[in-house]
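One chain comes next, on its own, written out as structure tokens in the form predicted alone.
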Amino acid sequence: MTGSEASDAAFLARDAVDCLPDSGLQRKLATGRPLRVKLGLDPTAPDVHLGHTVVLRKLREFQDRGHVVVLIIGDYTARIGDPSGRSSIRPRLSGEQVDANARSYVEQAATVLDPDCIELRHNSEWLDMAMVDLFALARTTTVAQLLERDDFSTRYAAHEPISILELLYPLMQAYDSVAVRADVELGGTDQKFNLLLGRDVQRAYGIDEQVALTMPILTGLDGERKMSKSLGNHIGVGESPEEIYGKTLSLPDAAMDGWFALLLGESPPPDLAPRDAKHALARRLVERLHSAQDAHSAAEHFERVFVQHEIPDDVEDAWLDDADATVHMPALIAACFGRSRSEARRLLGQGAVKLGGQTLTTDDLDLPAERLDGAILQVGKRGFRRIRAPR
């Protein structure tokens, strides 16, 4: 092994939480061939958020050094649902939902990865196996091993149900590493058990064991919990430049070091105040996910709308139905902004809804259509629609 291999391994593992076994990545690099670097994605949801890009950015570093990124769409395992971090059985998805989510996920992942340098696979290629092959896979692991997982052991101790399918999930994910002969597998720290199990199963099949590389979990916009769409503390990579910019500025100052490190690979500029550093972070994220021009426009939009309190120039129109004489505001808010009606009522109660600059309340649940026609409906700080009535 050379100093070059050691330095490459150190660079690729520099911001990882785990790179196991010790010196394993350096030994893989010493083979002199492009490594096969695996990431498994279970398309249980259609959205990629900034938390996912922590791992995707690491994959891009491997790509940029000539290694092969093997992106596995878990169209088979998604029908089970990864139990990592779960306290109950996940709902089962339909095949149509899984396929639609997978298409969306790959498109969004391509905002970080080089799409021309991805080996895209679906684990339905090999997991639709004969029973004799499933039995052989099941023999590689004991129930005691599986129950070592924190989520399983906690549920088992609490006498909560654990389905046989869930116990099979880590084995199926591990067999993915066998099928594609992975040299390295990436995941968040919550995937450490699965990645190490992949090594065990590869060894059982006589395949050189992969390196398990885990990345830190990005905190969400609340600065405390992991970024998650279900928690409402996320930024989606497919969101508009204005949304990405504005949401980033809501990040608590204490969380900025982690965001700079995990998303940009650097520290906040030491000569900038927290507010200015946050603007710099917002611009860099929009540039990365959209373009420099979009970042400039988003900064101008934020200044105009949130500092000078002006209405944006490009407010989208929302049309009322022909028959509307009276408009139920929770229904309109839900239709215009993708909220639920119950959430719309809550926003009205919080004074977070304005019509023509005037704050609406729960006394304004039903309004005449003529009052809305041509007026600007504002929900929260960043949501604007110009309401139009048919002529």
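Values in this document were obtained by computation on a predicted structure and should not be read as measured data. Start at 1 with the first residue shown and count on from there. By rigid core we mean the largest C-alpha set that fits within 1.5 Å across both forms.
Beyond the structure shown, there is the form predicted in complex with the RNA, which is absent from this document and is the topic of what follows.
Open item on the list: Which is the contacting stretch out of 258-266, 113-121, 183-191, 275-283, given heavy atoms within 4.5 Å of the RNA in the model of the complex?
Closed with: Within 4.5 Å of the partner lies stretch 275-283.
Open item on the list: Is it true that Tyr169, Ser230 and His234, all three, sit within 4.5 Å of the RNA in the model of the complex, judged by heavy atoms?
Closed with: Checking in the model of the complex: none of Tyr169, Ser230 and His234 is within 4.5 Å of the RNA.
TODO: Please pick, from Pro216, Gly238, Pro252, Pro312, the one residue with any non-hydrogen atom lying within 4.5 angstroms of the RNA in the model of the complex.
DONE: Here the answer is residue option Pro252.
- [ ] Answer with one of Arg27, Arg65, Arg57, Arg341: the residue that has a non-hydrogen atom within 4.5 Å of the RNA in the model of the complex.
- [x] Among Arg27, Arg65, Arg57, Arg341, a heavy atom within 4.5 Å of the RNA in the model of the complex occurs only for Arg341.
Open item on the list: Just checking whether Ala352 would be counted as a contact of the RNA in the model of the complex - the rule being heavy atoms within 4.5 angstroms.
Closed with: Result yes; Ala352 sits at the interface with the RNA in the model of the complex.
Open item on the list: Please tell me whether any heavy atom belonging to Gly380 falls inside 4.5 Å of a heavy atom of the RNA, as the geometry stands in the model of the complex.
Closed with: Looking in the model of the complex, residue contacts with the RNA include Gly380, since a heavy atom lies within 4.5 Å.
Open item on the list: Even though the partner isn't displayed, in the model of the complex is Phe306 close enough to the RNA, meaning a heavy atom within 4.5 Å?
Closed with: Phe306: yes, in contact with the RNA in the model of the complex.
Task: Any non-hydrogen atom of Asp321 within 4.5 angstroms of the RNA in the model of the complex - done: Asp321: no contact with the RNA in the model of the complex.
Task: Large Cα shift (2 Å or above) at Ala9 between the shown form and the other one, core-fitted - done: Comparing forms between the shown form and the other one, the Ala9 CA shifts below 2 Å.
Task: Large Cα shift (2 Å or above) at Cys19 between the shown form and the other one, core-fitted - done: Shift of 2 Å or more: no.
Open item on the list: Once the core is superposed between the shown form and the other one, does Leu39 show a C-alpha displacement of at least 2 Å?
Closed with: It does not, since the Leu39 C-alpha is displaced less than 2 Å between the shown form and the other one after the core fit.
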